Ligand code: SAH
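Single chain ahead, by itself, as structure tokens, in the form predicted on its own.
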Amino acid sequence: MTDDTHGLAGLAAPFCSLTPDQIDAFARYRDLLIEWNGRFNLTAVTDPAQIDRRLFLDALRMVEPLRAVARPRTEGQPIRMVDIGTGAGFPGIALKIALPDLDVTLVEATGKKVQFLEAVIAGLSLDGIVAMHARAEEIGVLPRYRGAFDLVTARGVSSLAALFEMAAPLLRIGGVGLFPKGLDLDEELTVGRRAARMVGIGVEASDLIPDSETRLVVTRKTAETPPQYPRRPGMPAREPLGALVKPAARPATRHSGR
């Protein structure tokens, strides 16, 4: 374990407290990320210190907001979380390391990335976490997963409008969505709010995470998602709900000649 990784505990201190075992788990996760990144592209962030700061720390900044808003379906049961388009496991695996009681489902459409996720889960001996080779639009129509989760997350996957359509069917009534986004969010959020109303969720906050350049969009499911959502894979991104539709061109007016 390197001094850089030991430094993660200090970096994360304002957001959460990490035990030595958790710091060691992050070190092994980082080593696996660097090793597998040599085989195929998992992330553009390859410097060990930057992995700590830009990948691990970004996820750990979500710990306190998660604790504040997410509640299990039944008291005493773990929070069931689904991470859409998790890629190399962010924020899902990082949150699982920090909050071991989470029950986590990682959803990823790229097979090689799923192989990596399974290697991390096995290498870190993580329980209560699975990786699925699927798309959110596919599992969102299955009774087993529809309305099954207390919490949904996604990092850098798509626009808010598309995310809301993919996420809402997976949440139970009262379930929470946590979506980290960049600072320039106002236009995307305007369209996203319209989409949210269509799929049964409300936007509760979009505040800046302290000491970051990330705004965390917080949503809560308030009504059942209509059965036509999510649409088939790819459509939420290509034709986002709530997007402004240009008015049809008015036909030219005929003038009688004189």
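As the structure is a prediction and not an experimental result, all values here were calculated from the model. Residue indices: 1-based, along the sequence shown.
Same protein, other form: the form predicted together with S-adenosyl-L-homocysteine, not shown, and the subject of what follows.
Enquirer: Each of 86, 135 and 166 within 4.5 Å of S-adenosyl-L-homocysteine in the model of the complex, by any heavy atom, yes or no?
Expert: Yes, all three are in contact.
Enquirer: Given that the partner is absent here, state which listed stretch (148-156, 72-80, 121-129, 170-178) has heavy atoms within 4.5 Å of S-adenosyl-L-homocysteine in the model of the complex.
Expert: Careful reading of the contacts points to 148-156.
Enquirer: In the model of the complex, does residue 90 come within 4.5 Å of S-adenosyl-L-homocysteine, counting heavy atoms only?
Expert: Yes - in the model of the complex, heavy atoms of residue 90 and S-adenosyl-L-homocysteine come within 4.5 Å of each other.
Enquirer: Is residue 98 one of the residues lying within 4.5 Å of S-adenosyl-L-homocysteine in the model of the complex, judged by heavy atom distances?
Expert: Flag for residue 98 set to no.
Enquirer: Is residue 109 near S-adenosyl-L-homocysteine? Define near as a heavy atom within 4.5 Å, in the model of the complex.
Expert: Looking in the model of the complex, residue contacts with S-adenosyl-L-homocysteine include residue 109, since a heavy atom lies within 4.5 Å.
Enquirer: Since the partner is left out here, which residues of 14-43 would have a heavy atom within 4.5 Å of S-adenosyl-L-homocysteine in the model of the complex?
Expert: Heavy-atom contacts within 4.5 Å come from no residue here.
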